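There is one chain below, alone, in structure tokens, taken in the form predicted alone.
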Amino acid sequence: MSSDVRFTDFKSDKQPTWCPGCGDFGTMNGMMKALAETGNNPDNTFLVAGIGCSGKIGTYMHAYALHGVHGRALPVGIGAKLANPNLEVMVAGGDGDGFSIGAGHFVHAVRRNVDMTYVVMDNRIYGLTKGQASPTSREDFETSTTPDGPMQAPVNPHALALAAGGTFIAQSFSSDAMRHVEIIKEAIEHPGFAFVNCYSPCVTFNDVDTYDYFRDSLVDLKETDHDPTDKDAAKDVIFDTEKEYQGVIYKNEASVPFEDRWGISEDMSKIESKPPEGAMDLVREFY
């Protein structure tokens, strides 16, 4: 890994088309800084993005990247990491991508505990399709398709992660740049699956969960006596419906990544120029 990489090395030459003021700018900048400050570089980084406004991040960052199928970014990231454990793998997507169509993959990625980082750019709305309620929208959040609100409780992604055996569960805010970078760095350095839900306000379609709302509401766990290694304390934070938090909610310091438990250390991504001996006989059996 290079030690003189700057975060701008992770910027691509493509200009973002996100709306001016979109929270995704801050989320992405923090991810790039965290990658650079943890000694990574674009040549050893693989970024998988889901579908949605957030899914464009793979185009705007300079690294190996793949724009995955809706809700299926995590399995791709897991496959890449297991094929080449030397890669720094980061998966990014939105709350709709991750907690609706991708909810099943999310739970199983958490319990598998492959050493990678998953950043959800949570704006509590479907922005790309112009403003429908998402899995994390408030129960009374009014949109054109839900004029009385979705009338169902929002998904609690941290509760899902904790119940699935998560070893690193955190939350950040894209506008609190320094804390966002700190949290993402800690996630990258965690040995196992690190989940960071990042509040990333949509300035176009969500006039409730705004920058001002989060600035006024967020409690930074770093400024409290919260112990992130205490699972019971993590439960108290996760199920507290009266406050919004940022910081590391829970981490298991005894975490052992999936690939270490299975002895996966070899780079299997290199393909020989000739097929393995007997490969064609195997193909003919099924022809």
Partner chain sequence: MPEDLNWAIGGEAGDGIDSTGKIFAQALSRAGRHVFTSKDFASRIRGGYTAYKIRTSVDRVESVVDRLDILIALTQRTVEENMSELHEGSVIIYDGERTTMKDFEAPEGMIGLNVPLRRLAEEAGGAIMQNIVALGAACEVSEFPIENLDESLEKRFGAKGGSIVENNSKAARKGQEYVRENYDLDLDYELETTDEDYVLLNGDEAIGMGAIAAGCRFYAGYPITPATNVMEYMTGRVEQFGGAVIQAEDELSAINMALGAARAGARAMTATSGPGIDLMTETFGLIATSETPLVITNVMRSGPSTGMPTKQEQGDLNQMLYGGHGEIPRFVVAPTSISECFHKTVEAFNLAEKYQTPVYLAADLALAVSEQTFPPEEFDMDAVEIDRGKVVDDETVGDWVNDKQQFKPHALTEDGVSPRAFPGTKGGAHMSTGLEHDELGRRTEDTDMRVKQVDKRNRKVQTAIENEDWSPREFGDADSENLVISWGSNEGAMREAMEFLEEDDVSVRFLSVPYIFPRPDLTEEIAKADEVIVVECNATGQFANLIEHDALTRVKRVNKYNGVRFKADELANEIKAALDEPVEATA
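Throughout, rigid core stands for the largest set of C-alpha atoms superposing within 1.5 Å between the two forms. What you see is a predicted model, and the numbers here were worked out from it, not measured in a lab. Positions refer to the first chain, counted from 1.
Missing here is the form predicted in complex with the partner chain; even so, the following discussion is about that form.
Among residues of the shown chain, K231 is not one whose heavy atoms approach the partner chain to within 4.5 Å in the model of the complex. The partner chain is not drawn, but in the model of the complex it has no heavy atom within 4.5 Å of C19.
Contact annotation for K251: none of its heavy atoms lies within 4.5 Å of the partner chain in the model of the complex. Contact annotation for A65: at least one heavy atom lies within 4.5 Å of the partner chain in the model of the complex. Contact with the partner chain, judged by heavy atoms within 4.5 Å in the model of the complex, is confined among 100 to 108, 193 to 201, 179 to 187, 141 to 149 to 100 to 108. If you take 268 to 287 and check each residue for a heavy atom within 4.5 Å of the partner chain in the model of the complex, you get M268, S269, I271, E272, S273, K274, P275, P276, E277, G278, A279, M280, L282, V283, E285, F286, Y287, in sequence order.
With a cut-off of 2 Å and the rigid core superposed, I271 has a Cα displacement that reaches or exceeds the cut-off between the shown form and the other one.
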